[in-house]
Every structure is written in C-alpha cells, then in structure tokens.
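Given next, in structure tokens, is a single chain: the form predicted alone.
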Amino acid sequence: MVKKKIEDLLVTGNQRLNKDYFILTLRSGDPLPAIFPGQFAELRVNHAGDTFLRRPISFYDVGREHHEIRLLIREVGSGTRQLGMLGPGDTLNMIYPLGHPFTMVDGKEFLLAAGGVGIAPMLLLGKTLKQAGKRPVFLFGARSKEQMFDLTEFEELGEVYITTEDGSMGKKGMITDHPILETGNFDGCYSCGPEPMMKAIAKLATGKEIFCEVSLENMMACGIGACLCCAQPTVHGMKMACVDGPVFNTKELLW
C-alpha cells in the first residue's frame, strides 16, 4: 500500500483554459510518491468562508523529474473558484495519492471516453497506456465548443474524437452517438464523466464482451473511507468510492 502524504505544495502555474476550466501546476519539495491514473488528491480550500470540506481532484499529469503535479479543475462553486485564484508562489495543502486506480490489462487498443471534467484523469491514463506500448483512442464530449479546450497533448498520444451537443465542435450529439463506438476495434475501454454516459459505455462494452472500467464522480468528502458519503452499491456489497474506487470494473457495479 502506498503511503499517503499530507503536504503543502508550491503553486508554480495557473493556466486558464476557458471560463470554466484551469490547470494548476504544483511542485513538491520531495520526490513524488507513486501516483497512478485514476487516483486523486483531496485539496484544502483556504479563505472561503462557506467551504469546510476538502475538494477531490483527479491527477491530470505527473512530472517526476521536477516533482510536479498538474490538476485539471472546473469552477463549479466557491471552493473551486477560490482554487482558481491561486497563483505562482502560493501553497496548496493536499492529501495524496488517494483511491484505486485504473487497471492495466492485456490488449493493444483502448478507448478512453470522457465527458466534461471527466477528461481530467485521461491524460495521465493515455500517457501510461502509450508508455506500455498500447494505443489510446480518445472520445470526449461537451455541451459546446466553449466547454472544450486545447487538446494538443491528447493528440500527441493518439486519435481524438469530439462530440458537442450543439454541433459547434466535432460531431453533433452525445458521446454515445459517435460512430467510433461501433467501428472501433477496441480491446477495452475506460470512462469518466456523467453517469448516464458511463452506463452507456458500459452497456456497449458488455455487448462487445470487452474489459471496461469507469471512474465514479461520487461525492468524496474525506477521501479515506471515514465519512461514508461516497457509498456505492456493488455485487460485493456497499463499497466506498474513495478507497475501493473511484475506479470500478463495470461488472461490479449495480447500476
């Protein structure tokens, strides 16, 4: 078991992607612990009077050479808005790494399907797959092009397909409408985002009899399985998404 750290990390960058999303770059003074795709950190929010609980944020990317972590964050309330005000020289307290990561399995080509902030764990996952000699194919969805951002880093790893509900970018419709789901010959798939989307991806994987894991976006207040607010029904009984997940094989979920 990887030891968890509680640490103040130095903010070295805050890159605004659009009105909703930004990337925080953080640096540790020590070598980073092992961090795997799908794991997350609990961030302490300072100077927000109505924010008492930490915020769970997936790891977007990890740069071990410079002890750096990047987090893709969407502003949805006062807590994440306060995080968006951080700049170089500030510090951010984190508990990390938390959660059960994605599983690396045999196979050559894998679909990585995500909607909204569910894109967050997919860059590190895509890099890990490619480093293992596998081919990631990305399928991302958003309401419109205004909710999407520059995907150059993903394009450097593999093919990227986009859907938007209003047709302003990529193919019009939902992720589940994209033809790559039927024409692609995947050995497995990974997904993160709205539950209806993940259910649809899981159903497709079941029909094709291929491996499928999803990262749940349950509310995770503590990150260590103590508060029980992220309880998830599974075939093995109730599990805590923050410690038994957030990544689950879809065959285990009672959806």
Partner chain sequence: MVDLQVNLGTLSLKNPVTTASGCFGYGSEYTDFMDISRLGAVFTKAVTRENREGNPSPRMTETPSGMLNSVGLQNKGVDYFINSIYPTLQQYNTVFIANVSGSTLDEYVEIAEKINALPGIPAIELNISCPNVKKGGMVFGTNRKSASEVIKAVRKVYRKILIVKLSPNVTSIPVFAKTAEDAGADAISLINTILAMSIDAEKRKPVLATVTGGLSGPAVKPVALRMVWEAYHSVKIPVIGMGGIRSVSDAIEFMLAGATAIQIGTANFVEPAVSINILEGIGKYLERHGFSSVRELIGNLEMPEGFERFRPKTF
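Numbering follows the first chain given and starts at 1. Remember, predicted model here, so these are calculated numbers, not experimental data.
Same protein, other form: the form predicted in complex with its partner chain, not shown, and the subject of what follows.
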- Message: Under a 4.5 angstroms heavy atom criterion, identify the one residue in A200, L216, C222, I35 near its partner chain in the predicted complex.
- Response: C222
- Message: Can you work out which of L71, V117, I95, L111 has a heavy atom no more than 4.5 Å from its partner chain in the predicted complex?
- Response: I95
- Could you tell me which stretch in 52 to 60, 24 to 32, 189 to 197, 203 to 211 has residues with non-hydrogen atoms within 4.5 Å of its partner chain in the predicted complex? 52 to 60
- Task: Give a yes or no for M240: in the predicted complex, does one of its heavy atoms lie within 4.5 Å of a heavy atom belonging to its partner chain?
- Result: yes
- Message: Taking its partner chain as it sits in the predicted complex, is A231 near enough to touch it, meaning that at least one heavy atom pair lies within 4.5 angstroms?
- Response: yes
- Message: Against its partner chain in the predicted complex, would K251 count as a contact residue? Criterion: heavy atoms within 4.5 Å.
- Response: no
- Partner proximity in the predicted complex: R44 to its partner chain, non-hydrogen atom cutoff 4.5 Å: yes
